[in-house]
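Next up: just one chain, as structure tokens, the form predicted on its own.
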Amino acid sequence: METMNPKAILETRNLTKVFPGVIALDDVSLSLNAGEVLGLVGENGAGKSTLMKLLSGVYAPTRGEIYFSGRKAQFRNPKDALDAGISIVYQELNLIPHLSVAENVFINRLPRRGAFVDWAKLYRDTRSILSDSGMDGIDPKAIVADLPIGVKQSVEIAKALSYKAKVLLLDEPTSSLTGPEIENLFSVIRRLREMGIGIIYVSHHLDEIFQVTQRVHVLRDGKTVVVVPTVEADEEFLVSKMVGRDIKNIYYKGQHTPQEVVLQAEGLSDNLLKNVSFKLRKSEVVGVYGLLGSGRTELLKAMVGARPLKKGTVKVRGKVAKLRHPLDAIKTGIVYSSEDRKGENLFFGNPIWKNITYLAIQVGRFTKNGFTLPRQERRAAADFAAKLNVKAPSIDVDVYNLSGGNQQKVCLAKALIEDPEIVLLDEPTRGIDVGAKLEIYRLIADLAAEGRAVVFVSSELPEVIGCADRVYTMSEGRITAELTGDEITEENVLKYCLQVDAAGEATT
């Protein structure tokens, strides 16, 4: 029987996957050593997901071979891969909320004593897995629904390890985690390395790649571009390989001069926001940064009537705006794009063009005498899809089938089709690849250059520093600082995000 590279626990040779009309993965050779974390990066559509599905038995390769633990492997289904020792943890967690940690870890494999579940063994075995992998603090009897998202992520990893995994595939594992939760995950990963488990780590966050990986494998258009030791790479190098061109500056701050005030918030307060006031000028990009729970999303929602206020006013062009609903805001020239693409922004099961025109239809555009005008609607949607470079065979494609970056572009097209004066964007680059991020950074700058006022919330600090003309920091529902020019530094932003005095008053 043919064997593989003796140093690798997992290896692919010339792996290829062809779908009708599309070569999703083209001649990819990859290797993973025991006790190594291999970063897998590339734009959406580069082939990362296809490769992960081939390695986990979801797809069978069109051509090429997979070698595992020294022998050629053929995975007919995910169970074959699990039985061999390859486990995958997807971005969307797959846990049953009303069951305990232990029941989730050993789902469909509960130990039995005769006809009954052997609960003592179940909890003992779960506790052993958690302890061995550095997750001692998790109670095997805890109900999953009661756990924070970071602990749920750890439960998914424990479930993967319960199959005696030698290889762990992690797909965007930090997409829903906070800073401390990410650090906990990294601690678990370091422990798994010590146990000799090989890990393939897929992430759009390049800072994470530099923190946890030993090598990086870059894919572009389904092909391997480069494989490099992490210590020999930097962000600029990886981005240039991912997008296929040199990138001198990932972030983009356009040439525009802020003008008159177009939006002014005065004393906004509710059960989280505390007397928030600020101004936004025409031809300006304002970043809002705060830790989770600081009130950054709540602030944007309050300004468009999606969150009722106890007190405070919003003025647009000097006049008090009565905003009881987001549609009121649209009619006033304000649009808001939510951080929750799937839950609040997009309508899966509907084509691209229907998603783009949804808000416009709600405020009476593309209608006459109560009837829609489908030709005008489709033409406008097609124009905006092209303007934002939405990549799809046609605007009739279900938005569900688009990559994350293209879904985000549809969200932005849906907001911008109304030609707003004021644009509020909440996490506009969350969960998308670096190429799509570059396009959105450029779009934000172009909106300001056209004379619009833009506010964007981001949990990525370099993004805020690199794109915003002014930055407001938030903590515990308050604005703690307004920073401009040379004041916009990582040290200052973080300092003011944490700076709240003993009385609960923000201090600047």
Partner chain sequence: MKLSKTLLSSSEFIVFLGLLAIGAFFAFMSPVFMTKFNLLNILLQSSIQGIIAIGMTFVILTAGIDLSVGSVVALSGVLMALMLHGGVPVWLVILINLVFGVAVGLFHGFSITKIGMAPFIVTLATMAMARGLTMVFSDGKTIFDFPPAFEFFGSGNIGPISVAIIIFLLYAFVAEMLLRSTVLGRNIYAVGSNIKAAALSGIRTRWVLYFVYVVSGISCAIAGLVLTGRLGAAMPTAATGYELDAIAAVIIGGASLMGGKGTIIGTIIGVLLIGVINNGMNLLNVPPFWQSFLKGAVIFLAVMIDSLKNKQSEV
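Numbering follows the first chain given and starts at 1. The shown structure was predicted, so the numbers you read here are calculated from the model rather than taken from an experiment.
We do not show the form predicted in complex with its partner chain, though everything after this point is about it.
**Q.** its partner chain in the model of the complex: contacting segment from 392-400, 220-228, 129-137, 429-437, heavy atom within 4.5 Å
**A.** Heavy-atom contact with the partner occurs in 392-400.
Q | Selected contact from 253, 215, 354, 279, since only one has a non-hydrogen atom within 4.5 angstroms of its partner chain in the model of the complex | A | By the 4.5 Å heavy-atom cutoff, the listed residue in contact is 354.
Q) Exactly one of 201, 106, 75, 336 has a non-hydrogen atom within 4.5 Å of its partner chain in the model of the complex; which residue is it? A) Comparing distances to its partner chain in the model of the complex, the residue within 4.5 Å is 336.
Q. With the partner left out here, if you bring back its partner chain in the model of the complex, are 148, 162 and 180 all within 4.5 Å of it by some heavy atom?
A. Verified in the model of the complex; spot residues all out of contact, no.
Q) With a 4.5 Å heavy atom cut-off, would you call residue 58 a contact of its partner chain in the model of the complex? A) Although its partner chain is absent here, residue 58 would touch it in the model of the complex, with heavy atoms inside 4.5 Å.
Q: Evaluate residue 367 for contact with its partner chain in the model of the complex, applying a 4.5 angstroms cut-off between non-hydrogen atoms, and reply yes or no.
A: Result yes; residue 367 sits at the interface with its partner chain in the model of the complex.
Q) Wondering, does residue 191 line up within 4.5 Å of its partner chain in the model of the complex on heavy atoms? A) Because no heavy atom of residue 191 falls inside 4.5 Å of its partner chain in the model of the complex, the answer is no.
Q) If you check in the model of the complex, is residue 309 within 4.5 Å of its partner chain, heavy atoms only? A) Residue 309 lies outside the contact set for its partner chain.
Q.
Using a 4.5 Å heavy atom cutoff, which residues in 332-365 contact its partner chain in the model of the complex? It's fine if the answer is none.
A. The stretch touches the partner through 336, 338, 342, 343, 344, 345, 346, 347, 348, 350, 353, 354, 357, 358, 359, 361, 362.
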